[in-house]
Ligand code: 2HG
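Next up: a single chain in structure tokens, the form predicted on its own.
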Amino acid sequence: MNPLRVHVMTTAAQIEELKTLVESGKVLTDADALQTYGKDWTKQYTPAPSAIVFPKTTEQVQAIVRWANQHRIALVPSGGRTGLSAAAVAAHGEVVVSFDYMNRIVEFNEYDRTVVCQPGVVTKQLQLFAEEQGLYYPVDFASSGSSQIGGNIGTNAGGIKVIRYGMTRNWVAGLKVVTGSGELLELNRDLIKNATGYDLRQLFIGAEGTLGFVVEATMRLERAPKNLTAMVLGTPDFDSIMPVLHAFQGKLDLTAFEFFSDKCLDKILARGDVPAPFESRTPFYALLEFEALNEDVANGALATFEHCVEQGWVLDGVMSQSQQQLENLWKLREYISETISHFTPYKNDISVTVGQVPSFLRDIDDIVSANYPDFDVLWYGHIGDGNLHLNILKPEALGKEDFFARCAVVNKWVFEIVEKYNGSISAEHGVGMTKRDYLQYSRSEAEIACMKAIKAVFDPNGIMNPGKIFA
């Protein structure tokens, strides 16, 4: 919705009224709090919220939303603030609704293998709880130690296990949401089979808080994988990675298949706390994971590795022999995002169907290399599901504004290639503000009109995270 339909700043009297809706001390307006809670991991926008409010109950969330409707004040949801699309950034005087204090695991159902969570439950917290029950929550990514379930649902988070387990939406059995009008909806009621009209639950997954706020989620769990084993394989070029994927998928049920470039490895090894996988260096690396349920599976993986070497697709490789080795190999991939964050990267999170990946990457790489010859360009991603992360690092001597402006010039050409391949301009990071102006490259005019109409139903006054997904 148009952000101009809501006030951009709140008055002192309105803030005092807001304080009466939550517990004492749960509305902050000091500069440090505004800076901390007004941003996410993106660095393109300066946070400038009016206040931060911390509800502890669903009723308090409803009261906040009704207050915002009364005064036409924009609300921005805040979870772990690990987003990469500026969906949780409050840059225009909005009130940030933080779910840090709605962080309880409410209930566990051992028969349905479901967990009822409040939105502020941290992803790692849910994963550890599942382990305690002998089960597994498979949605996993580098920010699992700080990201929250509500934010994961808002962005339909993916991560490193999508090839086997799918996205967050595959694990949401039911939702309780407070809509933009303050109404509480209970969606799907945790049912496996439910053929009673529209599944409104799915609308809120990936909606980035623009339709309403998740106040409770029932998440499904899975059996715990056994003897997870990883291999890191060095390849002579990117084109070799796809036949390697095909070869291993033909023999194993992979739980992950990732890739990263040698430039990424340079940044990781420069940290000094992660060992190199093997002595030789290659232009690209594939990291794959599987359950070595027995010796035959492990032997099959080694035989497939040897086949790939014979074909010239793999130059070197290593397979984990312990839990510590498994964790060290994964650090090569999982530490990339955190490590390069210090270089102020310009990020693109794009996807196509798996079979199109090699030609798609070549087309994009040609444009990026031609236009950014003086920039470090790093490729990595979830190659097993067609998701590529293009990261352009800011030179130290170049100012942030000038850097982002130069990167934005080429965005149009990059997204034209995405459109040509019928791909997505945002595979797993959401749209937020960083991709908002490029939505038409992945969605038709008719689709965007339908999305805006849906928002108008759930958020008639346009107070829920305005200016995100579309202007």
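The first residue of the sequence shown is number 1, and the count goes up from there. If you're wondering where the values come from, they're calculated on a predicted model, not measured in any experiment.
There is another form of the same protein, the form predicted together with (2R)-2-hydroxypentanedioic acid; it is not shown, and what comes next is about it.
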So in the model of the complex, does any heavy atom of residue 287 sit within 4.5 Å of (2R)-2-hydroxypentanedioic acid?
no
Using a 4.5 Å heavy atom cut-off, state whether residue 84 contacts (2R)-2-hydroxypentanedioic acid in the model of the complex.
yes
Quick check on residue 380: any heavy atom within 4.5 Å of (2R)-2-hydroxypentanedioic acid in the model of the complex?
yes
So in the model of the complex, does residue 428 come within 4.5 Å of (2R)-2-hydroxypentanedioic acid, heavy atom to heavy atom?
yes
Out of 332-340, 119-127, 171-179, 270-278, where are the residues with a heavy atom within 4.5 Å of (2R)-2-hydroxypentanedioic acid in the model of the complex?
332-340
Consider the chain as shown here, without its partner, and state which of 201, 161, 394, 347 has a heavy atom within 4.5 Å of (2R)-2-hydroxypentanedioic acid in the model of the complex.
347
